[in-house]
Ligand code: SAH
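Below sits a lone chain in structure tokens, taken as the form predicted alone.
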Amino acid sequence: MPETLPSKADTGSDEYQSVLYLTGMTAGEMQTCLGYDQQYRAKQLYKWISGGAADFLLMNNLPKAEREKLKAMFGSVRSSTVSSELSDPDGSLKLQIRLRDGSAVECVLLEDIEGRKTACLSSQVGCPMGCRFCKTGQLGFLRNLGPDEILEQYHFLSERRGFISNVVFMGMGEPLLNLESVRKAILLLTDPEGIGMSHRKITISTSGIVPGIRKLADGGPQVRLAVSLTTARNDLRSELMPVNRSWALPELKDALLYYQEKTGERITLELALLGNRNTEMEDARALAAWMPPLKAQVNLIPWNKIPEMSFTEPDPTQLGTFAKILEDEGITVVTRFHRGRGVMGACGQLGDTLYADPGE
């Protein structure tokens, strides 16, 4: 667990250091980088890469000499590789991605009962937030990912499972502490000349980085926002989620109201429910009292077991009572199913490998 958290003054949310690989470039950036005189050549290359092409030599509408030049310049289209993969009968897939510096992140594809596929993408190697109930939060933090490293997770999942309808930044890391890379990745995901995903199909999930929420409200992109709230009891939230010591619930609520004023969007509040810790009737009533006038849906996420942690899953009766108290107050409640557990890819379970030997 990290000893310190981002302060109010130093969130690092607008800074990232990354060598920009082609998977993180727009067509215009490719044209500049490669010195193309003709725009159409850059657009051809961009179309191949945004479509998931992994080998320059197979880009058959580019001249052979150009393909060979690109191969000599870059070696591989992508900067990362898949080092392991696990699949589950429920349709879940978890990939461990080896990055160019030898470190690793994980990404997950979840499939619902209607066959819709959602990619859960990581934004950082590790996580600096230290949430007590999250495996990733106990690993520490190494660095931010570049936009190329984020997009490559999407491409690796897509080439294994086909069309992906939704993307959520709910993997490893805090997206709002790497906002510029996340913004660039979303720009590329939603480019109608490339992947063409709707902004409405993308969600950023934050632990409650108040300056980042305000920056997202002011500068976009206008995607869906989810907040890992866990509890509306300020003292308990500070115990379970150290971010609350930097930006407590009143500051978080002010930022969310500002976000809604700017965007008009409904917010999702996510509660990881821990048996006998935040599942009592008083916890539900505290949440119902805290929410107004926010326009929000509540997602209840029964805690996913992590062997090295002492928390327990909530009792089903407790869970039902909790949901009913909220519903009786007119709050929309969704209880999330345990997809991804079979590959340790459910909420809070990511982080089998963080640091690795580049020479492996």
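In this text the structure is predicted, and so the values were computed from the model without any measurement. The numbering used is simple: start at 1 and walk along the sequence shown.
The discussion below concerns the form predicted together with S-adenosyl-L-homocysteine (SAH), not included here.
Trainee: Closest heavy atom of Phe156 to S-adenosyl-L-homocysteine (SAH) in the predicted bound form, within 4.5 Å or not?
Mentor: Flag for Phe156 set to no.
Trainee: Quick one: is Val333 in contact with S-adenosyl-L-homocysteine (SAH) in the predicted bound form, heavy atoms, 4.5 Å cut-off?
Mentor: Val333 lies outside the contact set for S-adenosyl-L-homocysteine (SAH).
Trainee: Is Asn144 close to S-adenosyl-L-homocysteine (SAH) in the predicted bound form, meaning a heavy atom pair under 4.5 Å apart or at it?
Mentor: Close contact is absent here: in the predicted bound form, Asn144 is far from S-adenosyl-L-homocysteine (SAH), nothing within 4.5 Å, heavy atoms only.
Trainee: Residue-level contact is defined here as any heavy atom of the residue lying within 4.5 Å of S-adenosyl-L-homocysteine (SAH) in the predicted bound form; does Cys134 satisfy this criterion?
Mentor: So Cys134 counts as contacting S-adenosyl-L-homocysteine (SAH).
Trainee: Can you work out which of Thr279, Asn244, Ser181, Ser228 has a heavy atom no more than 4.5 Å from S-adenosyl-L-homocysteine (SAH) in the predicted bound form?
Mentor: For this set of options, the contacting one is Ser228.
Trainee: Quick check on this chain: which one of Leu287, Leu216, Ala272, Leu256 has a heavy atom within 4.5 Å of S-adenosyl-L-homocysteine (SAH) in the predicted bound form?
Mentor: It is Ala272.
Trainee: Among 203-211, 185-193, 103-111, 72-80, which stretch has residues with heavy atoms no more than 4.5 Å from S-adenosyl-L-homocysteine (SAH) in the predicted bound form?
Mentor: Comparing against S-adenosyl-L-homocysteine (SAH) in the predicted bound form, the contact stretch is 203-211.
Trainee: In the predicted bound form, which residues of 289-307 put a heavy atom within 4.5 Å of S-adenosyl-L-homocysteine (SAH)?
Mentor: In sequence order, Ile301, Pro302, Trp303, Asn304, Ile306 come within 4.5 Å of the partner.
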